[in-house]
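Given as structure tokens, the chain that follows is alone and in the form predicted alone.
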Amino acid sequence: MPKPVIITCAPTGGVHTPTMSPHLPITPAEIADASLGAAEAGAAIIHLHARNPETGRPDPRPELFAEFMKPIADGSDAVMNVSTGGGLGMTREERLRAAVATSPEMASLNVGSLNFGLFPMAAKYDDWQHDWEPEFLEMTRDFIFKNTFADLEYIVKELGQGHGTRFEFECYDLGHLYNLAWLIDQGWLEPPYFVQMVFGILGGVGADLDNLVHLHTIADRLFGDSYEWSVLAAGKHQMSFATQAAMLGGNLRVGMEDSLYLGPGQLTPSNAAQVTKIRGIVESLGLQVATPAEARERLGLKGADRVTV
């Protein structure tokens, strides 16, 4: 029997800005509610970012994370996955603040540097809620999302070895899989590895099915039976790529970090709506959705009782 599909939901992220959707969770209370709704709909893992509650700008302060992680822990058994990507332009130390403070079961880790182009989105809007939004998007025209080998070594040792945190290894291109293999070869990581293949970001691998199949083939060659794989795709590709991942025996991620839409031209009213939609697709394929307990077992997580919230 195929393994149940692990659904991750990323409810707010650090990519989209408040002008783009009135439904984007901004305040800690909104992020907590969105996360609990996604968990109730079937998400086993919640991938977390924080935002300034006044402006909606990505914010690294641990106290903001604490405001929504506590109610999420109290109201669900979902795995909390704290971002170390933060917001574009943050320093490495800023990006790590929340994860170091909360010692989560999981944290994301972007496994390579890349151009991360959000600037085309600025042309779609004229009336901005906040002055920082167009400036934030436009600066990515001349921006590299920095994740050097020194950064990767520091993070896997600080969080992985220091806190027992497991990683969602975000791979935006073929070379990132080989970067992860190098980290493993150094003896700094233990299996199982959770590989999140990211498609459709300007600067990363394109959302083409041939690319998905090729990255999956190479990951199999590099990691064998020591890994779980998942797929996320940006924007209009979200649901189709998530469906393809499930059909190929993988896991998937949805959420308003990756897409603000539920269907063509239809803003999603909530993160739960996206989870509900993909869960229906997964179950219509004759597959089951993994519980948080099943995700913890398959990913070798340390348990919610060892998280600081």
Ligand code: KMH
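A quick note: this is a predicted structure, and the numbers were derived from the prediction, not measured. One-based numbering along the sequence shown.
Form predicted together with this ligand: not shown, discussed below.
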Exercise: residue 110 in contact with this ligand in the predicted complex, heavy atom 4.5 Å: yes
Although this ligand is absent from this view, report whether residue 229 comes within 4.5 Å of it in the predicted complex, heavy atoms only. no
If you check in the predicted complex, is residue 128 within 4.5 Å of this ligand, heavy atoms only? no
Answer for residue 85 alone: is it within 4.5 Å of this ligand in the predicted complex, judged on heavy atom distances? yes
Of 180, 99, 152, 198, the only residue with a heavy atom within 4.5 Å of this ligand in the predicted complex is 198
Could you tell me which one of 119, 116, 132, 223 places a heavy atom within 4.5 Å of this ligand in the predicted complex? 116
At 4.5 Å between heavy atoms, only one of the stretches 260-268, 61-69, 280-288, 46-54 reaches this ligand in the predicted complex; which one is it? 46-54
Between 170-185 and this ligand in the predicted complex, list the residues on our side with a heavy atom within 4.5 Å. 170, 172
